[in-house]
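As structure tokens, one chain now follows by itself in the form predicted alone.
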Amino acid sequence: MNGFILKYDGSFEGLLCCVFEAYHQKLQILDIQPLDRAADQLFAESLEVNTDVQKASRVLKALQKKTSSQGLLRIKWTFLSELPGMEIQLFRAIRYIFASEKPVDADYSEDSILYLAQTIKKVGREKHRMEAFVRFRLTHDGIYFALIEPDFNVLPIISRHFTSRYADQEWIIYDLKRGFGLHYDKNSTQFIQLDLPENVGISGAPSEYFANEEIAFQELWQAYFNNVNIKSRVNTRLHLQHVPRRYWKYLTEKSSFA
């Protein structure tokens, strides 16, 4: 065998355990894959790595000693990108960090470090846009509710923004693509999972779920937007540059429900 493909449960702790086992067993790593997307290769041996929080904690503490807070942030946000192949890039970057005597957070001559720097920009851009484009709808239960489908798994890193900004309201932001959400109950923010009806929709306000005033507010907002929008001065190219079409589904003013 020429090397190993490590398979893990898809969690960040699981990935850190892959790093632990690679060093502990002195393995030559060809790839690291989440179990739900793992594929065997002819000239590599597969090894499933179980997540152990103590092993993950040991790797994380070692990283904290070898890299800056920004460097650690790059590792975490790159993991949240969920991009194909990010695991092996993270492994190579971590291996490079551990092998270096001095901080290498900005050593872009190393491909894996450059990859982290490029990926964090993509994730950061998605985070910023989600913070800007999330639109809450008021439910019959008095909870402000929003559905999102971000390209990257940014829900964990937008939690602080919304908890701080909407501290006086109960709200839920739910990631349809990944099947989990954030729930803030005016005291704390927790991760939750829900069984949602298909017709709840990302925009609009079906009357069986949302308050009457929500429907009225959305119609009022659309009327305002249409009246202040000067059609002769519309610059579609500039508009798409700042609000890409894939985010339109979140915007009340773009909804066709009314």
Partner chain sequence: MDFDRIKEKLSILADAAKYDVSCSSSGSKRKNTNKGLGDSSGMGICHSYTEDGRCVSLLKILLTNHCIFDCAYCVTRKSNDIKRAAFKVQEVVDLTISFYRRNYIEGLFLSSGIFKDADTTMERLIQVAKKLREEENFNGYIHLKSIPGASDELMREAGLYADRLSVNIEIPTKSGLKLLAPDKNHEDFMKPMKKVKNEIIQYKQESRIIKSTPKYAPAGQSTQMIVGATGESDRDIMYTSNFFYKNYQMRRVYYSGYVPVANDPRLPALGTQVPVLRENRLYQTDWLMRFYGFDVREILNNDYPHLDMEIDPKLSWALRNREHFPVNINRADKSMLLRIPGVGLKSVNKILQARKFRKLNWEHLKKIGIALNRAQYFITCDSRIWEKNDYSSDRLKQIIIQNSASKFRKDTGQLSLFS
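These numbers were taken from a predicted model, which means no experiment stands behind them. Numbering follows the first chain given and starts at 1.
Absent from the display: the form predicted together with its partner chain. The rest refers to it.
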Its partner chain in the predicted bound form: contacted by all of Phe217, Thr236 and Glu253, heavy atom 4.5 Å
yes
Hey, in the predicted bound form, is Phe191 touching its partner chain, heavy atoms inside 4.5 Å?
no
4.5 Å heavy atom contact, Asp111 and its partner chain in the predicted bound form:
yes
Hey, in the predicted bound form, does His128 get a heavy atom within 4.5 angstroms of its partner chain?
yes
Quick one: is Leu176 in contact with its partner chain in the predicted bound form, heavy atoms, 4.5 Å cut-off?
no
Checking Asn199, Gln54, Ser69, Ser232 against its partner chain in the predicted bound form, the residue with a non-hydrogen atom inside 4.5 angstroms turns out to be Ser232
Its partner chain in the predicted bound form has a heavy atom of only one listed residue within 4.5 Å, and of Ile88, Val104, Leu147, Leu83 that residue is Val104
At 4.5 Å, heavy atom to heavy atom, what parts of 167 to 189 sit next to its partner chain in the predicted bound form? List them in sequence order, or say none.
Ala167, Asp168, Gln169, Tyr184, Lys186, Asn187
